[in-house]
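As a starting point, one isolated chain is supplied in structure tokens, in the form predicted alone.
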């Protein structure tokens, strides 16, 4: 599909028309911050949208896979599904988060499709945007570069005088009617490519090993108990690194019963493999249980294995996109994947 161009002076009117037509979710300033923290939320005015953000506090996967999601309602008359997607536009996602969508699409489609996720995914038009500001903890410029983002309908790149808009699907093409788009010139397309290529060199954090080298070494380090104890000794087992991770997909399912003890609802919440109870299972009743990863070092190792080696073959690359959110969220400052990778490769 051809590339399009919209002048910066016309871009606000494009946003206004789009917002008036359907719900738009995009990067906005987190209300309680001083203006330097961002979240993905409903955009009600063109002025709210901040395409110059560095990284969102919580990944935009929450649009498809909410932190708390009601799955069904039950009662004396049977069970009712709560799948109720809305047609919407997710605007301004960075390419690394699109790569996370690609991974979740595979995982939630595997063997037994998860329609609670897929319904939201299919109802959403995803428009990615260029990285104008790079987070200080990001390392996507040097990690997993060979894995290209695919799961988006269009891509906006800020260039001099406006935006180049590339469309990859009919859903992406359908948004053109909301703005004064023209065909992008060869120079504008080249400028967009230069902008996106240049961003890859702006990450302060660097990984100097290939994903294949890291995967092999990580798997071989499974029995290096002293190393895992060293890496995890300050871990609180709080799960913050899991909660902000765009590729984590574990969840817990609970039933909430009504006072009549007949009706109620089933819902799921995000879960975290770093927390102590994650691998705890009931055993023999009367409060008996077994914890398959009781030690913090075991849980820390499990997360590293999942991100760096276990899922590589299934996903076509590491289950880490280099966003750096876990580094920002970790209070004892031990979750930085670059530091973990370097320690693993050291042996």
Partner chain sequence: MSNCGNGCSCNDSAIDNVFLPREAEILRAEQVTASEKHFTLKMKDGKGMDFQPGQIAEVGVFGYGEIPLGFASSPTRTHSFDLVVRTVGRVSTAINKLEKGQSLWVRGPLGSGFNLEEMRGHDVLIVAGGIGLCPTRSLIQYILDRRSEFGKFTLFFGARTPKDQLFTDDLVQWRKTKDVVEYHETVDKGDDSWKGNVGVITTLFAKTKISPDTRVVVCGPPVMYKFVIRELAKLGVPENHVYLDLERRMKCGIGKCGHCQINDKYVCVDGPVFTYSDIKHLEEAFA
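Numbering follows the first chain given and starts at 1. Remember, predicted model here, so these are calculated numbers, not experimental data.
We do not show the form predicted in complex with the partner chain, though everything after this point is about it.
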State the residue from 185, 170, 223, 208 whose non-hydrogen atoms include one within 4.5 Å of the partner chain in the model of the complex.
223
The partner chain in the model of the complex has a heavy atom of only one listed residue within 4.5 Å, and of 201, 110, 213, 87 that residue is 110
Can you pick the stretch from 176-184, 159-167, 70-78, 144-152 whose heavy atoms fall within 4.5 Å of the partner chain in the model of the complex?
70-78
Find out whether any non-hydrogen atom of residue 196 is located within 4.5 angstroms of the partner chain in the model of the complex, and reply yes or no.
no
Even though the partner isn't displayed, in the model of the complex is residue 279 close enough to the partner chain, meaning a heavy atom within 4.5 Å?
yes
Since only the chain is shown here, I'm wondering whether residue 302 would be in contact with the partner chain in the model of the complex (any heavy atom pair within 4.5 Å).
yes
Quick check on residue 115: any heavy atom within 4.5 Å of the partner chain in the model of the complex?
yes
